[in-house]
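Just the one chain here, the form predicted on its own, laid out as structure tokens.
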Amino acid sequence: MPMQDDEAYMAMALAEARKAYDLGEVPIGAVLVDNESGAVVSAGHNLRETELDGTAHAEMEAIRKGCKKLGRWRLSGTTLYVTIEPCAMCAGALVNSRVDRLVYGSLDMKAGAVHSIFNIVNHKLLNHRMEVTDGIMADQCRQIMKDFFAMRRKQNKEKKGRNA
């Protein structure tokens, strides 16, 4: 799969992030792509609040759907595109699912487990490592998060004002 396609797939992941935003979820989106055909295997967005499930992260949703669609737990031959650097849980799931490549938009300095805090996906003691490309459409990926949390702060401020 040519690298120039990275922006097209990241745009799809951003569309998933917008779905999460519209649901009031932290706007992170993910798209799983077959490396050989370039076909989208699955997509997901955060659903923690909606599903009342702390594991319902965008990456986990895309991985679960991808495994079901392909009929296997090994996702070798795939690339996962995600708008924000995966957390420790999601990075571990990528390793355990044998994803070949991870492409993400923006760093997560509070919970990132690829470059920011940990490097789980390429830890020398784990049995699987993957290629990582970061910074694809980073500004757009970062901006949707900023917009979401600005909206949340405004809502909380308004709520406090009504309750005062």
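Throughout, we count residues from 1 along the sequence that is shown. In this text, all values refer to a predicted model and were calculated from it rather than measured experimentally.
If you look for the form predicted together with another copy of the chain, you will not find it shown, but the lines that follow are about it.
Undergrad: Name the stretch: of 129-137, 27-35, 66-74, 99-107, exactly one has residues whose heavy atoms fall within 4.5 Å of another copy of the chain in the predicted complex.
TA: Contact-bearing stretch, as computed: 66-74.
Undergrad: With the cut-off set at 4.5 Å between non-hydrogen atoms, does His115 touch another copy of the chain in the predicted complex?
TA: Looking in the predicted complex, residue contacts with another copy of the chain do not include His115, since no heavy atom lies within 4.5 Å.
Undergrad: Any of the heavy atoms of Val41 lying within 4.5 Å of another copy of the chain in the predicted complex?
TA: Heavy-atom contact with another copy of the chain at 4.5 Å: absent for Val41.
Undergrad: What are the residues of 30-57, in order along the chain, with a heavy atom within 4.5 Å of another copy of the chain in the predicted complex?
TA: Read in sequence order, the residues that approach another copy of the chain (within 4.5 Å, in the predicted complex) are Arg48, Glu49, Leu52, Asp53, Gly54, Thr55, His57.
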